[in-house]
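Let us start with two forms of the same protein chain, each given on its own as structure tokens and named structure 1 and structure 2.
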Structure 1
Amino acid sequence: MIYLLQQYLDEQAIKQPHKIAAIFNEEIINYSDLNSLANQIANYLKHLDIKHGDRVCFCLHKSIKSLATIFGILKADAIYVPLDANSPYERLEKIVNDAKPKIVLYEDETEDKIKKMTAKDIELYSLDSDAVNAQITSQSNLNPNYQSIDSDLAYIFYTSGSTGTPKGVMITHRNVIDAAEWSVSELKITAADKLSAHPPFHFDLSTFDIYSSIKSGATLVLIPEKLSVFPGALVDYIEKTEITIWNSVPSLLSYLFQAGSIDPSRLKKVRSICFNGEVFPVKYLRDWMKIFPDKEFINMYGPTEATVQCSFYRIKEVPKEVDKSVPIGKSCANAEIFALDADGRKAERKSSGELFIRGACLSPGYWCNEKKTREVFIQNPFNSKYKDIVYKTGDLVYLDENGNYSFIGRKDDQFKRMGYRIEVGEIEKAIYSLDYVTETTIIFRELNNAVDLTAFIASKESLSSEQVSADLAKILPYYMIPSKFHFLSLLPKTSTGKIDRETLKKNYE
């Protein structure tokens, strides 16, 4: 019986030891060797006195070694805490101070950041050190005896906090196993598949790739980080490695289309294109579906607190209208999603409300932050008989006549302007409908009892505020038209590929 994530790897190493488990550039590793390396890392960690429930941070770029490190930490009965190798050391230090790991693993490229940190009582070890590697290779490559159970934490992922301090989302083995079992079953993933691993390992989307692949005995294709800015080279890599299931944030798919890197002759081996993490502008989704009418397109929704995905929607036909969102659909197996209106009643069809989630996907809460946990992980308002926790997402959704939910926007992205209640997402959809817009995002601020609404727009054309305002006036009421416009060739992105709204706020205050 599988009840720990590392047992997926143990099982594949026995069933198909010589099958390729992972590919990274020209490097490959089979299941037997990946399991052996993970075991050696686990036994090395135990040699360093890592015990059940200890946190181990790592600041490593994506590679086969970092993949083995994840499994090594799990096999040591520890909890892995990935650090964004591209983040400034100040943010990393906040995470390390909060997670309180016993050790931090790093590499040559991240050494400067890690050694700048002033966190106390934490030992630092470089996986590029000859001495450390010699100690790892001297360890036994046999599976350790596991003490963990399925309710123990597998990892803590840190997300941006509203106060500026990152908050750690705790995820258990059972949470991820439930998600992986659903993914493999619903997408019919088999050992013959090759799954993309585009997101960095500190982004929760990566867990879909890793554990769906290892659970099914498929091959995980690690996408080199630098390829995201070279669309032609990225498509070449997808074809060369014969990826069959693609998963990424929609921004990357939009970028590939804008760059002219896809056409019907490309990506012949890809059968499923999954996207998650943000809204996919319909104008680009339509283009993808027209170019590849035979491929499966799946919109998956799920905050980090719900372990990658809790709902999904298979898009069976090209959307007709660009100003409507693609539904996030219905709940995955063993999960329930529902919306509550302003009066606390379940939203009926053709109405909207705040989305709530329940099921085996739910995180136990935030690491060392009981106050925040109690705020959003609450007792099911429809069950007073026993403990039944639901997660209050802060996402506003609409329930259509077919029982599918659609994302409207964030509750905290709602504001009043000139007496009207407005959703940021509605304005963004309207701007995206303009042919000359390639990317956009909206930032609003309350100044002197008025709302300052700024639109950031990327376009290949030379634009003026007057032109865009005039075009928006044809599709939006006057009170929803931004008061300021900034035009850029590209909007900045975070390390996870999403539009970096925080950078825009800082640079254009």
Structure 2
Amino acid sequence: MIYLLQQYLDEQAIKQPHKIAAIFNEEIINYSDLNSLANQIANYLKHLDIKHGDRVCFCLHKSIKSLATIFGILKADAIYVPLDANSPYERLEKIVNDAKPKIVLYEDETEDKIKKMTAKDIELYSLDSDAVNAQITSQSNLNPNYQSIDSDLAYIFYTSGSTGTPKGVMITHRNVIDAAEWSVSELKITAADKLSAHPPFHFDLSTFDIYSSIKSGATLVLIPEKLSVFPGALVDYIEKTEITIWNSVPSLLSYLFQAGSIDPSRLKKVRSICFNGEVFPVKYLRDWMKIFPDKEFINMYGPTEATVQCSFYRIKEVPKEVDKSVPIGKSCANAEIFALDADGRKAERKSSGELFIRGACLSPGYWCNEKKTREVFIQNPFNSKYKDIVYKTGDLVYLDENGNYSFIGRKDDQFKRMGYRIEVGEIEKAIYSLDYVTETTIIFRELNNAVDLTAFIASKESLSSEQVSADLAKILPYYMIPSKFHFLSLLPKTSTGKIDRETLKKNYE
């Protein structure tokens, strides 16, 4: 009986030791070797005094070693906290200060960022250091004894937070096991499959790829991060590695189509195309389905707080209207979704409301943030008898006549850009932190397939877009930097003294 994520790997290493577990560029590793490496990393972490429930951060680019590191941390009974190797160090430091790990693992390429950290009582180890590698290889490659139980945390993923500090979403072993049970059975994933691992390991979509693949003894094909920019090279890689199940944010698929990189003779082995993380523009989906009528297209939906996907929709036909979005469908087996209207009643068919989620997919809350947890993980309003938590997503949805939900937009000021969920407040805080800024507000608009972010900034100094965006690039990841700037001496206000965003919108559109 599997009750911990690392047991998926233990099991495959016995069942099919020589089967290829993962591919990355020219590098391949079988289940036996992946398990041995993960065990050595786990035993090394234990040797460094990592104990049950400790957090271990890693700032590593996607690779076979970083995959083994994930399992190594789990096998040491610890909780993994991935740090985005491409984020500025200031953001990483905020995460480290919040997660309070005992250890941060890094590599040569991320050394500069990690070495800048001033957080106390944290040990830093480079997985590119000869000394560390010698220590790892000297460890036993046998499975350690596990102390964790299924309700223990497996990882903490940080998402954008409105207070300017990222929020850590806690996910348990049980959360992921239930999600993987669903995906493996729904997509009929077997050992013969090859799953893509396109999103980076700090992104919740990676949960689907990694654990569905290892659970079913399939092969996980890690997509080199830089290939996403080169459609020709990416399609070559998908063909060469014979991926059968593709999972990514839809903007990547739109990009491949716009670049003219797909044609019917290619991607022959791919049987299922899953997308998740943002709304798929109908225009490109129609093109994809026309070119590949024999492939299965699945739209999945789920916030990080619901582990990964909590609803799905098998696309049979694309909506006729270009401005409509593809439904997010119905609940997965490990979840229940429903919408409440403005009066708190369950939305009926052909009406809209805010989406709520309950069930086994739900995170226990935010790491060390009881206040925020209580705000959005609330008691089910239809159950006063016993504890029954529902997650208030802030997403507005429409329930159609067939019982399928469709995403309409965000209730508050969160949005998705390049697959990342971003809160306007975090960008505004960052702009406010620049000493020449007196006031600021952000207005975002969805244009075609991208989110257009405009920053309005009041300052006594004369500023240039180049200067402000260069300063922001030091504190924010690239996907949070506004694409346009307007500089004013003062921002207009409403009668209540708030910044008048409507006036700004009207005057600058």
Partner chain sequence: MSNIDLIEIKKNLRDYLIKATSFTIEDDERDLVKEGIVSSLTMFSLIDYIEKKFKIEIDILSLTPENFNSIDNISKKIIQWTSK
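Because the structure is a prediction, the values reported are computed rather than measured. Take the two forms, superpose them, and find the largest set of C-alpha atoms that agree within 1.5 Å; that set is the rigid core. Here, residue number means position along structure 1's sequence, counting from 1.
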Quiz prompt | Form selected (criterion: the form predicted together with its partner chain) | solution = 2
Quiz item: Rigid core fitted, is the C-alpha displacement of Glu439 between structures 1 and 2 2 Å or more?
Solution: yes
Self-check item: Large Cα move at Leu48 between structures 1 and 2, threshold 2 Å, rigid core
Solution: no
Quiz item: Can you give the angle in degrees by which the smaller rigid part turns relative to the larger between structures 1 and 2?
Solution: 148
Quiz item: Supposing the core is put in the same place in both forms, how far has the CA of Met480 shifted between structures 1 and 2, in Å?
Solution: 24.4
Quiz item: Core superposed, what is the CA shift for Asp413 between structures 1 and 2, in angstrom?
Solution: 4.8
